[in-house]
Every structure is written in C-alpha cells, then in structure tokens.
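Just one chain is shown here, as structure tokens, and it is the form predicted alone.
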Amino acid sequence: MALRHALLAALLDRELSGYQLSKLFDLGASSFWHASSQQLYAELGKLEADGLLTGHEVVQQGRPNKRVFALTDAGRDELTRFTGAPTKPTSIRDDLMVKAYAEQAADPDTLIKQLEDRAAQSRAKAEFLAAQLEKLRGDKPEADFLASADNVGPYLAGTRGKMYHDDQAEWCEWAAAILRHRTTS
C-alpha cells in the first residue's frame, strides 16, 4: 500500500483540506498509516498532477484561505483498482519486539519501563479510537449503525486500530509482568 491510496480513501466521501488530512492521519488513520505533514502535502501535489484528485481554494473571512481536495473519477477508479488487487501479509516491525527478544542483554528495569510506557500509550490510543467510533455511530447501537450507514469503512478500520492497540497493551503488560516476576525471583 502506498500513501496515495490512504489519501484517496480519506477523500472517498468528502472534501478535506491538507490540514484536515494531516489531523486525520495524526489521529485516526495513524492506526494503519503514518505520514508526516510534509509527506502528505507532497503526495497531494502528485495526486493532483496525476489527475486523481482536484484541489481548489476556499476563501475564509478572518483566516488564511485553505486548499480543499476532492477525489476525481480517475481517483475513484484507482481506489477501486487498489481495493481489488491482492493484499500482502503484514509483518511486525517494532523496536520494542526486538528489545523483548534480546531481553538477556537488556537492563530488566529499563525494558519493563519501556513495556509499561508502550502499554499506557496503546491504552490511550485505544480509548481515543473508542471515542471516535462512538462519534461515528452517534446514538445508534453498533449493529444498527453497521447495517444502515452509507460508509462503514472508517468504522471498520477504526475498530481494527482499537483492537490492535488493545492487544498491544495487553501483550506489553503481560511481558512486563513476566520480566518483573523474573527479576524478583
């Protein structure tokens, strides 16, 4: 997957400014794709040059004007092509996993602290995503929302992100408890 597909997906059902896309990637989309603001703006320029999205300036009173982007028919076609292509298996690339693997060479207290810190970060991210999912559902029970919403994609991806962060926090807490027990035995 490329950043371009994540951006096209974000623009699937609405126009967004570069700033709004940056915030979306900082908060919600970071569960499945990380990109800096500079990467986002550079890719938006490429997508516009390739005809996959259009941009126009919106004049604002008392604030700087903003540039808003929307998906073109060619962009939607590219997203359709991408979603139909075979997927690749994912793999974990995480420095904390390498540190856990090398625990014999690590200072146990430092590694335990890193695991506890990651668990706290993951719990906070999972709680944030739970609140975002609740906003998406509104006052509907999840089953009703999933059966009736026009676009469930952001909800599906957000739910996967929440599950990922819940699982990561649980693993970090489990690993820290094992190391803590081993250092006190």
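The first residue of the shown sequence is 1; numbering continues from there. Note that the structure is predicted; figures quoted are calculated from it, not measured.
One more form of this protein should be noted, the form predicted together with the DNA, which is absent from this view; the next part is about it.
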Exercise. Heavy atoms within 4.5 Å of the DNA in the predicted bound form: which of the stretches 123-131, 136-144, 153-161, 35-43 has them?
Worked result: 35-43
Exercise. Is R93 a contact residue for the DNA in the predicted bound form, using a 4.5 Å heavy atom cut-off?
Worked result: yes
Exercise. For R81, is any heavy atom within 4.5 Å of the DNA in the predicted bound form, or not?
Worked result: no
For this session: Although the DNA is absent from this view, report whether Y19 comes within 4.5 Å of it in the predicted bound form, heavy atoms only.
Result: yes
Exercise. Does at least one non-hydrogen atom of N65 fall within 4.5 angstroms of the DNA in the predicted bound form?
Worked result: yes
Exercise. Can we say L3, Q60 and K88 each have a non-hydrogen atom within 4.5 Å of the DNA in the predicted bound form?
Worked result: yes
